[in-house]
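As a starting point, one isolated chain is supplied in structure tokens, in the form predicted alone.
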């Protein structure tokens, strides 16, 4: 199994390489990718060895081949279908961001309690009432879920997703989820992240004031 940090770096490399390819470049050296990603060249080369991506001493790495190697590791052979629960501002932003971005990732269904949102297509994704979650997830063979609901509802929604057959959850709430073994959860607490930025920014300013 590839470590989580390596998977995170590979995902970052792929996003950077997509941009490099759009700029018309066909080759890139490891030290260039390292600078763009904030890593060391040796770390980049180790990560690329994990996905068996060959390099050329004179030209560097073929950008398209690098993307292909990372794709084959991160994406798997089949398209991954995702359910999003909570079509508020954050939920809409997530749907819009991923619209057409990855061929192997598809938001197949979204769920909400607001009847004004139900039975609509928002950013390419049909919205169902939350009461339909179990049936739709099973029918659409969905195995991944994204939670963008108020924190008070997160635990209940996680239970519904797991009961429906979801085996991977991206949680955008600060609520700790109690899920059974075999279900992978990735927590993204935006408030905590911003507070960390504020703290370390202020810390830097305080250190300068002491000088």
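Here, rigid core means the biggest group of C-alpha atoms that superpose within 1.5 Å across both forms. Remember, it's a predicted structure, so these values are computed and weren't measured experimentally. Residue numbers count along the first chain shown, from 1.
Just so you know, the form predicted in complex with a further copy of the same chain exists too; it's not on screen, but the next bit is about it.
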| property | result |
| --- | --- |
| Exercise: residue 45 in contact with a further copy of the same chain in the model of the complex, heavy atom 4.5 Å | no |
| 4.5 Å heavy atom contact, residue 56 and a further copy of the same chain in the model of the complex | no |
| Residue contact check: residue 100 to a further copy of the same chain in the model of the complex, 4.5 Å heavy atom | no |
| Interface membership of residue 167, a further copy of the same chain in the model of the complex, 4.5 Å heavy atom rule | yes |
| Full three-residue contact with a further copy of the same chain in the model of the complex, heavy atom 4.5 Å, for 68, 141 and 180 | no |
| a further copy of the same chain: the contacting residue among 130, 90, 136, 127 in the model of the complex [heavy atom, 4.5 Å] | 90 |
| Residues of stretch 1 to 27 in contact with a further copy of the same chain in the model of the complex (4.5 Å, non-hydrogen atom) | 1, 2, 3, 4, 7, 8, 11, 12, 14, 15, 19 |
| Large Cα shift (2 Å or above) at residue 18 between the shown form and the other one, core-fitted | no |
| Core-aligned C-alpha movement of residue 188 between the shown form and the other one, 2 Å or more | no |
